[in-house]
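To begin, one chain is listed below as structure tokens, in the form predicted on its own.
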Amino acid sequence: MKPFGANLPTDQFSLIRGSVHGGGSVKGGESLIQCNTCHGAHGIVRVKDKRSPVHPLNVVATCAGCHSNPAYMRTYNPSLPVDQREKYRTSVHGEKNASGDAKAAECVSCHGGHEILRAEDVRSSVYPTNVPGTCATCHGNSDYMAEYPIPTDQLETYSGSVHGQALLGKHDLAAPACNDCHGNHAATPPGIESISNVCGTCHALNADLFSKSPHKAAFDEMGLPECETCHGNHGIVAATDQLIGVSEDAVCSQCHAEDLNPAGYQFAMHISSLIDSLETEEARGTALVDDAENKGMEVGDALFRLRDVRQARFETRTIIHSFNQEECTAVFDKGFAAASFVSGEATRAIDEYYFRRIGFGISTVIITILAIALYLTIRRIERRQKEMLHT
């Protein structure tokens, strides 16, 4: 292309041949799409020209020429929805694009142009582990986003979150990427009213418990987002016991104090105390079981019930969303009962070990005394026999 004064890449043909569009058409071996399918034929103009069908303000309609045609799409991929354009027009991106903002993301921004691949392909720009980087192409560029009043550190914040570490670090595809919370074609930031429903898609039990809790009405009255108020959004950290209580680091102390919403303060302090106590009992039971095992004692039942203690601690992190002291205490009571059983069984096993040791020691002493006595008796008999022979 250099003789023509252009700096355009020259690998478009190979890229499209390797893309999802590079397959064969049902019409006599033709490619699924031709160059002119998107760029036009005799009236081809530069991409930056607003008359171009692949100009950012026109490309959505160009893609929709096929992707919004049910009869056409049924021929190639019946599983693909054909309402992407309609969804896109309801999104923040779509609204800005429709208003003439060519910087707003459109089809090519996320899927690419010639190199479009299936979303299931690990090389695809919309493969789950690649989505955060794709979104950050715009949203992480402070210069590009300068005219929009939103932060540009979402990728950095998300990468350090429990979700980001699971998806990007552990490649856990069940962990949410940007589009799981914001949507994809209809991407819109969740509103205050919808955040719990978005989070509840995965955390269904937590969301259900919260919806019945006293915090639900309080948060609605104060206009606070539900899950986000305590857990944050992009920078969500792993839930730990330290989040509950009245310390400076606890989220409860953000709204509750002895002289401010005291009922919640007392509840948080009580639950924090139960959490600490159950943790202590679990540690004690674990130490006793380990000690008994190291002494060679059978503690299978205690080991089994130790899992119940850990399960109870896990359940407390869920039931806490009910903010109901009676329901929370019931879960803790199960944990304490299991911990008591574990400690009792392990202690009995350790006591039995020492009882056996003492019994073995006493038996050893008795046997030793008997052996010495027998030896002395034999010696005495031998001496008598010698004396009788000499006489």
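Residue positions are given as counts along the sequence shown, with the first one as 1. From a predicted model like this one, the values you see are computed outputs, not experimental measurements.
Beyond the structure shown, there is the form predicted together with a small molecule, which is absent from this document and is the topic of what follows.
Residue-level contacts in the model of the complex: of C199, L306, A312, A292, one residue has a heavy atom within 4.5 Å of the small molecule, and it is C199. Interface residue among C135, V299, L274, L288 relative to the small molecule in the model of the complex, by the heavy atom within 4.5 Å criterion: C135. Proximity of Y375 to the small molecule in the model of the complex: non-hydrogen atoms within 4.5 Å are absent; the residue sits far from the partner. Looking at K96, you'd find a heavy atom of it within 4.5 angstroms of the small molecule in the model of the complex.
Looking at E228, you'd find a heavy atom of it within 4.5 angstroms of the small molecule in the model of the complex. Looking at P149, you'd find a heavy atom of it within 4.5 angstroms of the small molecule in the model of the complex.
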